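Here's a solo chain for you in structure tokens, the form predicted on its own.
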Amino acid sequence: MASFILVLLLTILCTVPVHASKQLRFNKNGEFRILQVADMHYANGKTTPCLDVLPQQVASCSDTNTTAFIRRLIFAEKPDLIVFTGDNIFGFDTTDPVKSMNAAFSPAISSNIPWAAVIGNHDQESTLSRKGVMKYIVGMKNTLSQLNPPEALGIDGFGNYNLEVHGIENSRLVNKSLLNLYFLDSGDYSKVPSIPGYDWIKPSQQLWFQQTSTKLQRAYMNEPEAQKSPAPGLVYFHIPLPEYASFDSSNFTGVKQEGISSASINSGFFATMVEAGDVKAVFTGHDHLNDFCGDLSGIHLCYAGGFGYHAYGKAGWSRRTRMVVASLEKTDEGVWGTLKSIKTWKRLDDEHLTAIDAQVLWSKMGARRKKHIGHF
């Protein structure tokens, strides 16, 4: 009997995902580096043709170009987390979704860098449902992706979860989450007959977000090491919000080369984030020819730009990705403190992996200045 119990315990332990206890932390340089990969549209590897490339690129271009781009970026940027923001595979052209996901995420897996994913509107268009796709992702090596939070019963979608980024090992803030990452399933297509077009973030998801944000803020601002204001948060999902249409070329960094393909109704998630008070930026994909980032009511709304070669693009306009780097402040005595700034830029898949459009999304100094002006 005792041997049976021992075997049972070992079986349970062996089936617990390795990533379940993985804690994200700022690295020894006081940074946390996030690589966002949007719209890989991976299908069947070498046999999958590229879309919208120059004539001289057609013969030698396939899904493997997408894989090569990720590998180059990992080597160049050395991210602490890789985030895939949906349409990771293009289900309609995929003969085996499991095989396609294995190939699409292989650069992240082989790098041993933690990664997280949400799904878009094309991931489930093969033989797996949306739940089936997300369940498979959750079981993959090195991923921190989650199907849904266990405490959020009845939540809409698959892939709503949060990750905490704690202070540097052995620092005084080692047990505090200094940066909070929220991931949501923005759905695929409207299920309401009278509402055409794309899906939206539902009230149940917004309630989960509100409750999670409140809990994280309370933990951050309570003892031990109580802080005076909430830790910054970043939000990742696939389909852009209607508020992305608020910008023109005068008030964003980057380009807008197509319309904003958001839901045809506004479910109010942007207002929910503004009200929560901790979100500093939102990152989406979906519209491949847009890569801009603009500030609206204190929250930057950002696209990554199209990444995958089996996704529509623009011939001669390089595929691209978005980097986000959060940096900690450091005292004159060499003690690491709380978050100092959040910066972003894009990398192009050209000869030099050219970095463009660097900008500051948030800074502690800027937040203090705004608070002072508001108080005055």
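Position 1 is the first residue in the sequence shown; the rest follow in order. Because the structure is a prediction, the values reported are computed rather than measured.
The protein also exists as the form predicted together with another copy of the chain; that form is not presented, and the subsequent description refers to it.
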Can you pick the one in Asn180, Ser267, Asn142, Ser171 that has a heavy atom within 4.5 Å of another copy of the chain in the predicted bound form?
-> Ser267
Which one, Thr253, Gln217, Ser126, Thr272, lies within 4.5 Å of another copy of the chain in the predicted bound form by heavy atoms?
-> Thr272
State yes or no: in the predicted bound form, is some non-hydrogen atom of Gln206 no more than 4.5 angstroms from a non-hydrogen atom of another copy of the chain?
-> yes
Examine Ser297 and determine whether its closest non-hydrogen atom to another copy of the chain in the predicted bound form is within 4.5 angstroms.
-> yes
Please run the contact check for Asn175 against another copy of the chain in the predicted bound form: heavy atoms, 4.5 angstroms, yes or no?
-> no
Do Ile195 and another copy of the chain share at least one heavy atom pair within 4.5 Å in the predicted bound form?
-> yes
Counting only non-hydrogen atoms, which stretch in 196 to 204, 127 to 135, 99 to 107, 79 to 87 is within 4.5 Å of another copy of the chain in the predicted bound form?
-> 196 to 204
